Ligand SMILES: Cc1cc2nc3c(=O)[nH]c(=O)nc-3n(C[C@H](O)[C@H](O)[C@H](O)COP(=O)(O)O)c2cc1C
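There is one chain below, alone, in structure tokens, taken in the form predicted alone.
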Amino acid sequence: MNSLILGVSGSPVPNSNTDRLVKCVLENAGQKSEFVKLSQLEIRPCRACLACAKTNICTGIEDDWRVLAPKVVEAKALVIGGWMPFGILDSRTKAFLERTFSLRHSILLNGGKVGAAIVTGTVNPDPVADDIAEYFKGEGIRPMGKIVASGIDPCWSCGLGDECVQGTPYPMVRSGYRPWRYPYADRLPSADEFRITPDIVPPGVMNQDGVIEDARKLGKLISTTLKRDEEARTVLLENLLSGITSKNSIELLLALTEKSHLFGWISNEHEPAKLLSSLKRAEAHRERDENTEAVRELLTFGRDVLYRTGISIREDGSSLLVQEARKAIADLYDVASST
């Protein structure tokens, strides 16, 4: 098992603290991974045009999201790294999160993944990291943890920091002002003696107590969780169906749905017929390389399953059917989104 773990950094600084923490998590997960630096892409904010509603494919904006979205859909884990200009989440990471709106229609394509939040900032990054964790929950992503660390504000190296009364460094030592929860306040000299020298600049993450070790642990936790998930899925499917290795993802869904009444998942014996019709149309589209239409039918299938969950479809059966529908869409999404 070698699941894709996608790491995303919203920091524009080359080899930034945010970059290094995201990469540290990926490296310690020990699985297939990819690191994406958003400053090297053009990802615009969501326009809320709803062009994605029926296919979960964003067609309303021509930018690099079309390249990035298939990687997000394929990934089993998302490691999101942001930074905190002006005490809020940076615009690139925010735009990335906004554009995942295109993946949530009908069955939450990111549902079932795991996620980790990383935020760097001059003071108190915790609330922003918590916001990303809440985003995960809303997308059906299981939060594995967060890492917060001190960033190095651009004002430390702009060249005016010793004299500018508006930027970060000098105001930190002005009379009556001390930044809330700034972890390196003890490095700062008095206002009378203030000069920006290497010994008062916040340290990089490699020299911040416990931060790198926390990133290593988080990477290993993500890896362990993904392996456990895949092993549980394999055992469950082997118990339900034979010969699953020879089936493509839609054929697997067809087999599960055909036997759903026998498994006791569906109380109404006539219910599977409607679900099967969507799957058969999806399979026919796939065979004709009409992948966008196949995705649309799979979304219809998943939506119908969820709509009947708790009414005529049992929750455990619904969970497995929707999980496998997401996998079937992921297998088609790359090609579908490029057409």
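One rule holds for the numbers: they count along the sequence shown, beginning at 1. All of these numbers come straight from a predicted model, not from anything done at the bench.
Unshown form predicted in complex with this ligand; subsequent notes refer to it.
Using a 4.5 angstroms threshold between heavy atoms, Gly161 stays clear of this ligand in the model of the complex. Although the partner is absent here, Thr100 sits far enough away that none of its heavy atoms falls within 4.5 Å of this ligand in the model of the complex. Contact annotation: Ala330 falls outside 4.5 Å of this ligand in the model of the complex, judged by heavy atom distances. Among residues of the shown chain, Leu320 is not one whose heavy atoms approach this ligand to within 4.5 Å in the model of the complex. Listed residues Leu188, Ala95, Ile152, Leu254 were compared with this ligand in the model of the complex; Ile152 is the one with a heavy atom within 4.5 Å. The partner is absent here; in the model of the complex, the one residue of Pro202, Gly145, Pro85, Gly167 having a heavy atom within 4.5 Å of this ligand is Pro85. Partner contacts here mean any heavy atom within 4.5 Å of this ligand in the model of the complex, and among 152-160, 228-236, 137-145, 189-197 they occur only in 152-160. Counting a residue when any of its non-hydrogen atoms is within 4.5 Å of this ligand in the model of the complex, there are no hits in 56-81.
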